[in-house]
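Shown here is one chain on its own, the form predicted alone, set out as structure tokens.
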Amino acid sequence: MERRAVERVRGTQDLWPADARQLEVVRRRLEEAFAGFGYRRMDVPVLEPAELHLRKSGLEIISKLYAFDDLGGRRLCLRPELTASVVRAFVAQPAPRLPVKVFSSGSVFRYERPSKGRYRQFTQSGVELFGASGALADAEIVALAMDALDRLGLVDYRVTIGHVGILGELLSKLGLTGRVRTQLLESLEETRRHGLDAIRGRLHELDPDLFDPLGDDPVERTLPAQSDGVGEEHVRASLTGLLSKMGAERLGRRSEGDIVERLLRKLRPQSHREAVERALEFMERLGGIRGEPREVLGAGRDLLQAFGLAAAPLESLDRTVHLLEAFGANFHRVQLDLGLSRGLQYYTGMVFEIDHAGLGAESQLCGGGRYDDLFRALGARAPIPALGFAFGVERVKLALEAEGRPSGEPRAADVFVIPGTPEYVPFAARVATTLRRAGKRVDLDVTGRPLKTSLNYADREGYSQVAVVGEAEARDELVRLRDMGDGREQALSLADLAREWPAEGARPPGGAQLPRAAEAGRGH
């Protein structure tokens, strides 16, 4: 039999108690901030139908999806994020009243290239707000994310706000739909990083005949001619009817809608090429507008006017920024970036990210925005305005460490109970049980090591109190709690403690104080 050790899966972490406690404290404090804004906990499954994310998540997530077939032949995935799962749950069981405010936390999975701050299994904690449109809801979401970090004591973070509706409006005006629209929306930030030639290359790689004239496809050779007197909708209907007559089984992997859009491009290759080039020009100029809110809004209005677009998205951003001031946001941490897109297909309006300067390349702590179309995409009968965000909890913990700020790690158990000698082990177990029922967190020393060694261990591990159980304690039925900080000692009657909580297994609410009536004396 092979004795080789089983290795941890690359991109995952083993969290020993100290690190696990710190991560738990960060997550809990984020959730306390969410609850302070009226959000309530909700949990969703780790396993989801792969279709849930293939429909609307976008290439950024789909390319990193952990997907597989289960024993029943169903295509499943490990959830790569929480928002789509929460929306799916509400589509299946609509809330009786809107708005709905919920938060959720848990592990998510993406096939990332592992590095510091980037894992294949990591923890998200975030909120979703359903049933509220407008700038006030947008501003509250951003303000809540900032408030959560402020409560943790983080200082060196930066909030960047954008609006994906600006590019979406131009693409609609140019008549760009389907895969082309999706590819352009997902390439907005890449335009700034790699330039237009890189985007053209990506478009050609993903769809080689994007700009090509009619080829040798037997379907294309049967296209009806398009004249100036025939509307595009008439041609679209003719193509749809033609494909239906040919039979869906001949379409291969492409949907009927995708093929119709492709054929329409073939009928108008020149105009389509010009529309894409116009969109790329707009994206390049839009991506260059970022900085202080008032300057960005002014430059953005000039760009929209030059392209004949309405300024509604910018007006919405303007109202959001104004309301952030009312929420008390620190504007030294806020900038606007009209080239921000977040890389997820389901965003429709305001988007934002929060980054921390101390994390290097993987600087993002939080991301979110408005996704008003997601409910319909996942099967809802009517659109529901929605928005939210998620923190990467591990990155928030790293940011606290980068600033040298403690995450507020909880202490070890309140009391460390040490049997003085083996014969007093049964009484020590009674002491530990009684203290636990009195609301204390108690660790019983089960090692049988020498008393001095156990005391040194208690000091190193940070226990607040120690109870050494020996002959006197067992004879008098007492618990003597020694404070590890100042050495003061408190003697408590075991019988009084037991009478205070007589029911077996009964426990007072967490953090309950021991009864003063049980005090038998104090020492120094």
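Here the structure is a predicted model, which means the values were calculated and not measured. Numbers for residues come from their place in the sequence shown, where the first is 1.
Omitted here: the form predicted in complex with adenosine monophosphate. The next part is about that form.
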Here the chain is shown alone; which of T348, S316, Q124, S454 has a heavy atom within 4.5 Å of adenosine monophosphate in the predicted bound form? Q124
Heavy atom within 4.5 Å of adenosine monophosphate in the predicted bound form: which of R110, R290, R437, R88? R110
Residues R118, R342 and G392 are flagged as a possible site; in the predicted bound form, is every one of them within 4.5 Å of adenosine monophosphate by some non-hydrogen atom? yes
Contact segment among 414 to 422, 392 to 400, 376 to 384, 135 to 143, judged by heavy atoms lying within 4.5 Å of adenosine monophosphate in the predicted bound form: 392 to 400
Given that the partner is absent here, does G367 sit within 4.5 Å of adenosine monophosphate in the predicted bound form, heavy atoms only? yes
Checked 178 to 196 against adenosine monophosphate in the predicted bound form; residues with a heavy atom within 4.5 Å, sequence order, are none
